[in-house]
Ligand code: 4AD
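Shown here is one chain on its own, the form predicted on its own, set out as structure tokens.
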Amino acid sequence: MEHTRIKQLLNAEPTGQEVIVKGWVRTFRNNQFVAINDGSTFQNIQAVIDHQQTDGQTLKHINTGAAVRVKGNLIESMGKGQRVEVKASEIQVIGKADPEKYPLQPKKHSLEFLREIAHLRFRTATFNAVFKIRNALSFAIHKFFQEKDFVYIHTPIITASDAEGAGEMFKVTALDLTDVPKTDEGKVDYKKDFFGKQTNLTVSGQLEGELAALAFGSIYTFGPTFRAENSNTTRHLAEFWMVEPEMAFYELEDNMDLAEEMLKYVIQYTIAQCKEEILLLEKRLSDEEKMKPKAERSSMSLMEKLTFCLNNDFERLTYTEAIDILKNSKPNKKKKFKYPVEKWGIDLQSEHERYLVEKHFKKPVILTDYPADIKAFYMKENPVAEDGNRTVRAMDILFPGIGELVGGSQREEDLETLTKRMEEMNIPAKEMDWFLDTRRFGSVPHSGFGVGFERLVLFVTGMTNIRDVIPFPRYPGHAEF
């Protein structure tokens, strides 16, 4: 007889039918009650064994973490907290777990401790829920775009371009670092490297995505990206996943509409698929909030926060309007911001974004028309304002507790304007000639955006550290597993 997954058994009617359960022991009480989990749900099923009829050596090895096979009858449970249980007729230990060495004993573990044993944290209820939600969000993203007839494009992970112009990129090389070839000028001779030029891990699939969008019309990428930014914070990773759609014949308004629709769609789908997981994490978050001063506690539960975002239109305003709000805000006037807002043109910090979302509007916000000087070269410029300020048709979506979740723009479609902008920003046009071909041959207005996938998972799970929503986090000084 094949074994039945625990999630299926927990939803079955207890008619005394014979079943086989395979999983890992969470707890073993009174030499009688075995809580078993097989990963299909964060919930356990209880198997009740007759210790007098069970071999002593077997009993000795039924420890937390051990893998077991249980055969028995599914019956109605008399105990609290479970509807069904297995009255065991046989129990077999498949894989032992030494209780002196297995680190996940039945007690409350801190998230900091679990980060140190990330390879085992999947076995906890919290991380079972987190990664089930991550799975649902990932599937929902594909479902959303596929239903809209977008083409899924795999853009390169190794690239010679820097889409963001940030320079914080991981270099890829096959050169012998103990004997690096040099040019006559004393620089690294990349012509002798594997690709014959300097290459890096990608920071974005956008530029390659634009090539495909100007052929297929609407495409999306969803893959890993990398930043060699030395940021040891709860919001940054060196390796993270990005969702990046690119659409021909889309202007800024179309771009914003699509992004808002997508976020609401994937959150709605995940609530429908993972309600139990969200409620488990809601309780965890509630317990965590009780430890905070009352003034710092959230006014909404996790589920309330998610449904609130679904039921309200995102607030849309320009960067200029946002600066006016921030300049006149109480935190700014009382010098409570770490980065005071004094003049137009500054790059907004997380504290500014969260003030707009959490204190002023109290809902998601879409900011548009940012200063050209703080945005990427490919963004379409607006007409110069009367005060001489230059802005671009950019948009960022800000979420409560997260700050920036989405960044996007209408792309500059005019070849002459784009090359002039590249000159201003010292981006060599010769190396980007392949990209400029999209503006030479059949150029059209087009737009796109990028979603930091881990930040989306942070929002939906209510977790507070981005290292807890990716299976194997990469950050400065840490590349385990």
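Numbering starts at 1 and follows the sequence shown. Everything numeric here is computed off the predicted structure, so don't read it as measured data.
The following text describes the form predicted together with the ligand, which does not appear among the structures shown.
- The putative spot formed by 204, 378 and 452 is fully lined by the ligand in the model of the complex; each residue has a non-hydrogen atom within 4.5 angstroms of it.
- Using a 4.5 angstroms limit between non-hydrogen atoms, residue 229 touches the ligand in the model of the complex.
- Contact check for residue 314: no non-hydrogen atom falls within 4.5 Å of the ligand in the model of the complex.
- Within this chain, residue 236 lines the site of the ligand in the model of the complex, having a heavy atom no more than 4.5 Å away.
- The ligand in the model of the complex comes within 4.5 Å of no heavy atom belonging to residue 364.
- Proximity to the ligand in the model of the complex, defined as a heavy atom within 4.5 Å, singles out one entry of 242, 247, 306, 357, which is 242.
- Looking at 326-334, 397-405, 153-161, 70-78, the stretch with residues near the ligand in the model of the complex, meaning non-hydrogen atoms within 4.5 angstroms, turns out to be 397-405.
- Taking a 4.5 Å heavy atom cutoff to the ligand in the model of the complex, the one contacting residue in 460-481 is 466.
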